[in-house]
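Consider the single chain below, provided in structure tokens and representing the form predicted on its own.
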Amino acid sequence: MPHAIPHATPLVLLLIVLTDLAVLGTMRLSTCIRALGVQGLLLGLLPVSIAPTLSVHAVGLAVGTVAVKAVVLPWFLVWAIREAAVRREIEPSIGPIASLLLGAGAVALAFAIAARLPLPPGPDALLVPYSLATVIIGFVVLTTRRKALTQVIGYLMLENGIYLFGLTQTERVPFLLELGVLLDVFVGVFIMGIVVFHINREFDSLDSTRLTELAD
């Protein structure tokens, strides 16, 4: 079957970066989780959008991505903030305005790096800069936010960027391996959720700086 939606790819990639910036621009965990869920849905559209033909491989990867990244992981994070009774990021290292400026810088840097790479014309040339931007922004969230749950969101954004870059090899990577990567992400976040739960129970706080108390 011929590829049906080639022109959707640039719009989907732009929306992915906007969800990155939405996370940077808010202190509300619920908003961060919604943005992460929307990003997972957009990532699920890409395998179908960039595939030269609408194959079972592309559709299966899309369905698996949406199920894990847009449904299961956001639901798990919603459950975690409900159990931890936390709604806002308290005293982040930098505020939302500075975070957005860093995000804009990350996008510019990603495109500058991608412009120097010998990329062939086609979907790969689009995927690389957006994937780099998502990785960098995920790292910014991971390192500048103090709540453990927000750091989990940053980790997932970083992983989404790696997944986005991996789509450049989607025709070469076996289908089962790609599903295995999605499963690894789910298991990793599940384990982090258990750790977050115990941090909150022991310290009555999800501020990761409180972990220094373990040294005493």
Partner chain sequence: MSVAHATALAVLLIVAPALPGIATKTRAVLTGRRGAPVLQLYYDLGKLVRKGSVYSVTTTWVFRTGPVVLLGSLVAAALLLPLDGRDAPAGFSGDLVAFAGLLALGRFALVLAGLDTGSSFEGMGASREVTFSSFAEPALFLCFAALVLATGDASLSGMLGAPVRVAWSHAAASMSLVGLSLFVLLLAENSRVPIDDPATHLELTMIHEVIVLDHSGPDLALILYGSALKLALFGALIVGVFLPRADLAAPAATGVLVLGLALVGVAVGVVESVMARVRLTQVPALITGGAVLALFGIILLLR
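Numbering follows the first chain given and starts at 1. Predicted model, so just to flag it, every value in this text is computed and none were measured.
What follows is about the form predicted together with the partner chain, which we do not show.
- Taking the partner from the other structure, the partner chain in the model of the complex has no heavy atom within 4.5 Å of any heavy atom of Trp75.
- Looking at Leu21, you'd find a heavy atom of it within 4.5 angstroms of the partner chain in the model of the complex.
- Although the partner is absent here, Ala104 sits close enough that one of its heavy atoms falls within 4.5 Å of the partner chain in the model of the complex.
- Looking at Ile94, you'd find every heavy atom of it more than 4.5 angstroms from the partner chain in the model of the complex.
- A single residue from the set Leu142, Ile81, Val128, Leu100 has any heavy atom within 4.5 angstroms of the partner chain in the model of the complex; that residue is Leu100.
- The contact with the partner chain in the model of the complex, taken as any heavy atom within 4.5 Å, belongs to Met27 out of Ala70, Met27, Leu54, Leu45.
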